[in-house]
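Below, in structure tokens: the form predicted on its own, a single chain.
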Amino acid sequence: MKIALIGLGSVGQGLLQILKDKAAYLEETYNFKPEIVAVGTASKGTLYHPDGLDIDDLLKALEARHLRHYPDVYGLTRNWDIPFLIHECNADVLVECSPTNLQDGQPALSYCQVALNSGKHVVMANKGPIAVAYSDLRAQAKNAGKHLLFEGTVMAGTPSIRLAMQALAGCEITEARGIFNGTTNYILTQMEGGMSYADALVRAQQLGYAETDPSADVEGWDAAGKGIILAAALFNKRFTLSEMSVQGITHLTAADIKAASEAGERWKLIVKITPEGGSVKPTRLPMNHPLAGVGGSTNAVTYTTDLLGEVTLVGPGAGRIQTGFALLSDLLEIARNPY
């Protein structure tokens, strides 16, 4: 399988590291021999070699902060425009993990469209294209006879999408409720232990859970984007951020946390999605609720089904290797079922 990888930040490098470290295992166990033939970023350049790029050299170039540090070899092409690179390269699959834009999905949405138009499967960790154009992309992929896979967009490598769309096939899912943001879950867990919101946020930033500007997390927008993806995947519904009722955790105080605890309850930032709409809001859950026991930066989702009742999945919701694994799982699915 030949792969074009767009986006070489934490997630893209996570996939490269996995493919390097597990190459022998993947070939021996799954007869899976992936080759990275093209890579590209908006700021670090692009590379293409039809016979494959060396992952060790790629990682070294990225440590040096630019693809110009990749060694010159015969047949290597540098600095093609990304859409041209996607269209012209000999990859079987586009892996898209550039930064997310939840407003219009660009430029990643265009990259996915170019890939499908040129006969390539699409795998993504980028939430934007799925959030804003899932139905269109799905129809385009179907017409092209190609896969459109996006496990890494919700709960990283924890298989929330695959559980809903494959393992629970045959069940009618009427609702999804989940904890989809590790930063806010970590902060609420620390506050329950007596830490102030401000101190918990600083600690989350020190640990790398929260960005320098944490607003997308603590105000609920990151979680809302994942809810929109689930609404599209589960119910074929397109909700926009403006249509979602979104409230973050910034208003919660130590007194709020204490009051919930004294009542045998716990605050969680809960995403709720049904065919009728969606919301993100801090919610008091009884201690015996499956989502109440999910602490720290862990994520979880509960699907309400007609045949099994409630099914809850708990696991990592972010991380370099964890999200890289989601990409790997989608690539393996394509290798097993190439269409």
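One rule holds for the numbers: they count along the sequence shown, beginning at 1. Just so it is clear, the model here is predicted, and its values are computed rather than measured.
There is another form of this protein, the form predicted together with a further copy of the same chain, and it is not shown here; the text below is about that form.
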| property | result |
| --- | --- |
| Contact segment among 217 to 225, 92 to 100, 200 to 208, 169 to 177, judged by heavy atoms lying within 4.5 Å of a further copy of the same chain in the predicted complex | 169 to 177 |
| 4.5 Å heavy atom contact, Thr312 to a further copy of the same chain in the predicted complex | yes |
| Arg162 within 4.5 Å of a further copy of the same chain in the predicted complex, heavy atoms | yes |
| Interface membership of Ala42, a further copy of the same chain in the predicted complex, 4.5 Å heavy atom rule | no |
| Contact test in the predicted complex: Asp306 vs a further copy of the same chain, heavy atoms, 4.5 Å | yes |
| Contact at Phe84, Gly119 and Ile334 by a further copy of the same chain in the predicted complex, all three, heavy atom at most 4.5 Å | no |
| Residues from 316 to 333 in contact with a further copy of the same chain (non-hydrogen atom within 4.5 Å) in the predicted complex | Pro316, Ile321, Gln322, Phe325, Leu328, Ser329, Leu332 |
